[in-house]
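Take a look at this single chain in structure tokens; it is the form predicted alone.
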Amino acid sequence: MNTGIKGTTKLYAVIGNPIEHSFSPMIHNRIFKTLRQDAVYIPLKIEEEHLAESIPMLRNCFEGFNVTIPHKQKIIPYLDEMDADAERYGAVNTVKVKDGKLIGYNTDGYGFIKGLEMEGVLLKDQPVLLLGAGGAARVAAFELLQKGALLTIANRNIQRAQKLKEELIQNENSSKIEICRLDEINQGYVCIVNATPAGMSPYEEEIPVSVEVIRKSRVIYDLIYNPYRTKLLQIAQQYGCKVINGFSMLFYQAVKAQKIWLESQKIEEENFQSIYQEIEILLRRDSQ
């Protein structure tokens, strides 16, 4: 049981920059406590230029760690192995240290889909609009196609959207993908997924699509979790849309990471609902 840090305490971390506002330490330490693990999870600020020199410390001192911006792709050359999802997404958010080897995983896709499943959103043969073409959008796009969605990718830079489309077609053998610029969207969708920075600091007052597009849509899923209700979600609520924020993705990718680290099939998600609700309340309060 995690009653204090001892010589036997196993170390876990999240590495990134910035890292100060991460909710991951709170989530993982609460899970460790619930599972009665002698383990602790800490935030480690590692700047881009210092990643290489940090690898020996991570390899020798930690049982595992999460990876966030700006290291999700940059960590890959230092890994000994990668699982299929990490290979497919071209990004790693979870590393397990086993027998001195660094093994990379990506649990973001699992967390992303879990957020939709929790709200009973069905995607097969449904028109879905994905806003953005960066790393988070890439993960979401793969998962949406796996669920059979009719995908449209909208991005300010149409060349980036085209590049993502080509990668998706090559990997998913799917031609059901449209692309457009953000300012070209003029219709509603069954589901809109925001994977752009619009809505988070310092862009709190921005929305990535017009109010008219929001009004015509049914489900708005914003991958931003802080603030808890972005301007996009506030407007969507006013028009009666189902709204989902990024906390569910953050939480369930963390649960999946725990399963990888502890190599345990006994970690049942329903056992952590009290933790989910507790941290969600804090997130709501901090966003007010």
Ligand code: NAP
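The first residue of the shown sequence is 1; numbering continues from there. Computed from a prediction, not measured in an experiment: that's the story for all the values here.
Note that the form predicted together with the named molecule isn't included here; everything after this is about it.
Participant: Partner absent here, but in the predicted bound form, which of 236-244, 223-231, 35-43, 50-58 has residues with a heavy atom within 4.5 Å of the named molecule?
Facilitator: Residues of 223-231 come within 4.5 Å of the partner.
Participant: If the cut-off is 4.5 angstroms on heavy atoms, which of these, I214, V128, I75, A133, is the one near the named molecule in the predicted bound form?
Facilitator: The option sitting close enough to the partner is A133.
Participant: Go through L168, V121, L182, L79 and name the one with a heavy atom inside 4.5 Å of the named molecule in the predicted bound form.
Facilitator: Of the listed residues, the single hit is L182.
Participant: Spell out, yes or no, whether the shortest heavy atom distance between K114 and the named molecule in the predicted bound form is within 4.5 Å.
Facilitator: K114 lies outside the contact set for the named molecule.
Participant: Is N157 close enough to the named molecule in the predicted bound form to count, meaning some heavy atom within 4.5 Å?
Facilitator: Yes, N157 is a contact residue.
Participant: Contact between A91 and the named molecule in the predicted bound form at 4.5 Å, heavy atoms?
Facilitator: Residue-level check for A91: no, no contact with the named molecule.
Participant: Is it the case that V255, even though its partner is missing from this view, gets within 4.5 Å of the named molecule in the predicted bound form, heavy atoms only?
Facilitator: Contact check for V255: no, nothing within 4.5 Å of the named molecule in the predicted bound form.
Participant: Using a 4.5 Å cut-off on heavy atoms, what residues in 36-65 are near the named molecule in the predicted bound form?
Facilitator: Heavy-atom contacts within 4.5 Å come from no residue here.
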